[in-house]
Structures are given as C-alpha cells and as structure tokens.
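Single chain ahead, written as structure tokens, the form predicted on its own.
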C-alpha cells in the first residue's frame, strides 16, 4: 500500500508521498511514487501514484515517451498541453488504457490491476490546478471547499487535514500538515513508510521551490513527530471527561 497527499492553496501546492511497496509482509521494497516534469519558468507537472506498480510504471513510461517524441502534439504530451485540464486528460487516458491492457492479461488468473494518481501543476499564464485521477481515467479536482487530495491508505492522515488545512494556509503550515498526516498514517499502518518525497511549488513560479527526500532517522521529521505525539497526549489529559 502507499499514501500520497497533495494540497492546493492560495500560495502554491505541497505534495508528499511515501515509498514503501509490499506484496506481503516478507516482500517489502522501496519505489519512488512522486515524479516531476518541469520546464523551469514555463511549466511544472507533478504526479504521485498509488496502486499496481505494473500499471503506474507503464503509464509513466508512456508519458515520458510522449514527452521525448518531437512529433507529439498538445493532445499527446503533458509538457505541450495548453492547460492543466488537458494534462489531466492525457494522464487519465493513458492510465485507463494501461489499466485495461494489464487487467486483460491477468483475467485468466482471476486477478486485477489498477492504480490512481494525483496530478498537480501549472503552466505559465494558466491556473495552478490539482486532480485525482481514477483507474478508469476520470478525475476530480481540488477546490476551495476541499483543497487537498489523497490516494492510497488515506484514512489515518485525513483528520488533521480536515481540521487545519484551508485555502489560505501558508506553505510552511501546509508542509507541516502533510508531514504530520503522513506520520499519523505510518503509526497506524505498517504498509506505509519512509523514505518520503516532499515537493513544494509556489504559485505562478512554474518551478519547484523545494524537493526533498526524508530518510529514516531524519532529525527534523523525528522532532516533529515527537512534538505532535506529546501535544496530543497533553491535550487529551486536559480535556475533562
């Protein structure tokens, strides 16, 4: 399993993904699930993935192929698409095609394969937007009412986002919120784990402001986790029963 979360805010977007992948307790591995396609100052597109690795890796390989294909037009390449809506459409179509192809190969073994993705970004002169793309290729968009999207093992990390994240949340507080959301998830589900990939993009910059991998034992993340646990215990003790 995995956990990915993306926040779309007035000041920009923050995205965080874990890297743990497992096919049983004795088969755990690390795979990157956050990918960035960038033409600094012109456009930036970030993708996070959850689900079958065969589906997500094939989908990303086809997206890269289209980027490298000089004959690909704005309907085929996410770095040539004129809007983020068209980017979401290209990714959704590719994901649906790959899901159908791989599922067809597995049907004889009575197995299936699917994946979902969070896509966020901006092109110069356009709006910053973020979408959750389903295996069938359809998608929903982050809005002012719900400025965050999650895929994978999302239930443990949702409460803090519901309570603290608003469109006017600062990027610094958003960064804190996604890290604590991930910390809560890792404490409750062993299928989600370090290292983590953190991405911050400021609105209208069309370039990555921060891209950081957080490894096991990271002192800042450890201190934040311990402070959050202590704060929750203190708040619990102070509430009258």
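None of the values given here were measured: they were computed from a predicted structure. Positions refer to the first chain, counted from 1.
A second form of this protein, the form predicted together with a further copy of the same chain, is not displayed here; the remarks below concern that form.
Visitor: Using a 4.5 Å heavy atom cut-off, which of 183-191, 36-44, 60-68, 197-205 contacts a further copy of the same chain in the predicted bound form?
Guide: Comparing against a further copy of the same chain in the predicted bound form, the contact stretch is 183-191.
Visitor: Please check if residue 164 has a heavy atom lying within 4.5 Å of any heavy atom of a further copy of the same chain in the predicted bound form.
Guide: It does: once a further copy of the same chain is placed as it appears in the predicted bound form, residue 164 has a heavy atom within 4.5 Å of it.
Visitor: In the predicted bound form, does residue 172 have a heavy atom within 4.5 Å of a further copy of the same chain?
Guide: Answer yes; at least one heavy atom of residue 172 falls within 4.5 Å of a further copy of the same chain in the predicted bound form.
Visitor: Report yes if any heavy atom of residue 176 sits within 4.5 Å of a heavy atom of a further copy of the same chain in the predicted bound form; otherwise report no.
Guide: Result yes; residue 176 sits at the interface with a further copy of the same chain in the predicted bound form.
Visitor: Is residue 159 part of the interface with a further copy of the same chain in the predicted bound form - any heavy atom within 4.5 Å?
Guide: Yes, residue 159 is a contact residue.
Visitor: Considering only 133-157, what residues come within 4.5 Å of a further copy of the same chain in the predicted bound form, judged by heavy atoms?
Guide: Residues within 4.5 Å: 153, 154, 155, 156.
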